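One chain is shown next in structure tokens, namely the form predicted on its own.
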């Protein structure tokens, strides 16, 4: 499974988004490949990593077969991992 990752601009981050990305990527190794999303790319899912509750990152320029998954707090990491692991079953 290919997961495109889109980060917000980081104007008001309340946690280390890069660290969260690396932790999710490590946990999903062998289940999903996480890559930085590129316009024109096609992904199974798009993970939008926002730094605050606004989670205002634009993502309409990306195509994800099963839509976006948004997170804006590191407390969401477990839910993101569970959702993506479930899709692989």
Partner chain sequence: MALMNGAQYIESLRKLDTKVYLFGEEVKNWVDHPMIRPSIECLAMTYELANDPQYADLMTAKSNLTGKTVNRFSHLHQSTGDLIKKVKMQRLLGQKTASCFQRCVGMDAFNAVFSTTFEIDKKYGTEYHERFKKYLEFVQENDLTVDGAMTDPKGDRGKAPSQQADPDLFLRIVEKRADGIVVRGAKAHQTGSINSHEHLIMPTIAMSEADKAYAVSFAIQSDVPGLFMIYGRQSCDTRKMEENADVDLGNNKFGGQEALVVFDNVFIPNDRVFMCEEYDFAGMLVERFAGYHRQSYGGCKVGVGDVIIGAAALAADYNGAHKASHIKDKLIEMTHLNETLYCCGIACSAEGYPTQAGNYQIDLLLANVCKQNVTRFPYEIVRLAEDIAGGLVVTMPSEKDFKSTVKVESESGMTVGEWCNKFFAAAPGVPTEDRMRILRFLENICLGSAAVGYRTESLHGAGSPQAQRIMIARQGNIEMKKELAKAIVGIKK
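Numbering follows the first chain given and starts at 1. Owing to the predicted nature of the structure, the values given are computational and were not obtained by experimental measurement.
What follows is about the form predicted together with the partner chain, which we do not show.
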Since only the chain is shown here, I'm wondering whether residue 17 would be in contact with the partner chain in the predicted bound form (any heavy atom pair within 4.5 Å). yes
Going by a heavy atom distance of 4.5 Å, is residue 8 a contact of the partner chain in the predicted bound form? yes
With the partner left out here, check for me: in the predicted bound form, does some heavy atom of residue 36 sit within 4.5 Å of the partner chain? yes
State yes or no: in the predicted bound form, is some non-hydrogen atom of residue 57 no more than 4.5 angstroms from a non-hydrogen atom of the partner chain? yes
